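One chain is shown next in structure tokens, namely the form predicted alone.
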């Protein structure tokens, strides 16, 4: 079944309900939303886009983004959403690798794309876009099988060229239907607020909100502005949104500074990077029980584990802090296990590579059988993340396998050191990496961003670490920086931090 049927069905049932909002302005009800998507799908067919062809979207968040996404599916084509924060040359690589025949591009990115790529471009909101929406053709949704490709998701590529993850219609449905079961119920009066890029998790969560006939709220800024999120939620809530942990940190800081309590915010789903216990405790203390954690990857989008609203807010369970440091339990449509280097399941409590199998797991990487064979082994997706499972099924991530520091023959997990440092009041952000050492193999180095008005000192932080973690795990050196390098999705770029240390070494 084509995922576009969800929009068609909601429009038939709730056509007059508000669907697309640009800031506080309703720009389309569900009848108009479906009509525009259908017309766009017909226009794509007339310009030579056949079922299975790839159509890219390289645009900042907007209501047009959702029309483009569903229009592509209406035509039976494959969407290739590209993060708008990428350089046009990086986007051009994705266009070429996916074999995209056309790209919908927002006005601020058109010039760069035309200079970097020969792909046919339609500017969203421009004359050609308007002509496509006025073309008059509104064909039936093109049939798709569950295993047909719907979305090509390109990994962030922080360690090399990004790979295209094949996401099928069935995967989108499995992820979407798990949301109200494992993450948060969706009601028609809700508003999905798109503060994070729609090319990634925020866009994936649009689908279940379409199915339930909820509103889709795109901030006027087209991105994340903490003050704007607070104001829109207060005026138009109940709002639900996806955020990276760094965004939650910034929202908490902004709300406390403005003495805003998050009125109108229903749910913030966080994931996509490590959420430190100190940060989420502070966020819950300020906003209340509004947070749900998920763990997923592009290869199993948003669908591996979840930590419920109640579990995130619980302070009564004897192991609440340990559970809060986890990423929750397996979602309904997957199995999760911890494996050895040979992809053999390990006993509970042991640390190893996180493995997952189930309905949301990708069939493979686009045109990359070697990478597919390396990642999909024995029926399991090898995530590349290191973690452990407890007897109650809670999964705790220790680190990415590539980030583990081996010092004196012993594994040190950077997140454990980071968690310890973040409990010191002078530390606002921290990232820990390994530095080559002739004596130990690697030394632990901490990059620290000071809390406002605070001045952390090495001796103070060293004493704090000795009181919190094993002596051998504490940093051998500190680097105090104004901010941490992050990619377009808010993840700290540890590769950049390692490069700084290499430059220091000469």
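Computed from a predicted model, the values in this text were never measured in an experiment. Residue numbers count along the first chain shown, from 1.
Form predicted in complex with a small molecule: not shown, discussed below.
- Residue contact with the small molecule in the predicted bound form: residue 76 places no heavy atom within 4.5 Å of it.
- Residue contact check for residue 123: none of its heavy atoms lie within 4.5 Å of the small molecule in the predicted bound form.
- Using a 4.5 angstroms limit between non-hydrogen atoms, residue 209 is distant from the small molecule in the predicted bound form.
- In the predicted bound form, at least one heavy atom of residue 299 sits within 4.5 Å of the small molecule.
- Contact with the small molecule in the predicted bound form, judged as any non-hydrogen atom within 4.5 angstroms, is confined among 135-143, 221-229, 367-375, 270-278 to 270-278.
- Only one of the listed residues (432, 241, 327, 183) places a non-hydrogen atom within 4.5 angstroms of the small molecule in the predicted bound form, and that residue is 327.
- Just one of 291, 153, 95, 194 comes within 4.5 Å of the small molecule in the predicted bound form, counting any heavy atom, and that one is 153.
- If you check the small molecule in the predicted bound form, you find a heavy atom from every one of 200, 385 and 397 within 4.5 Å.
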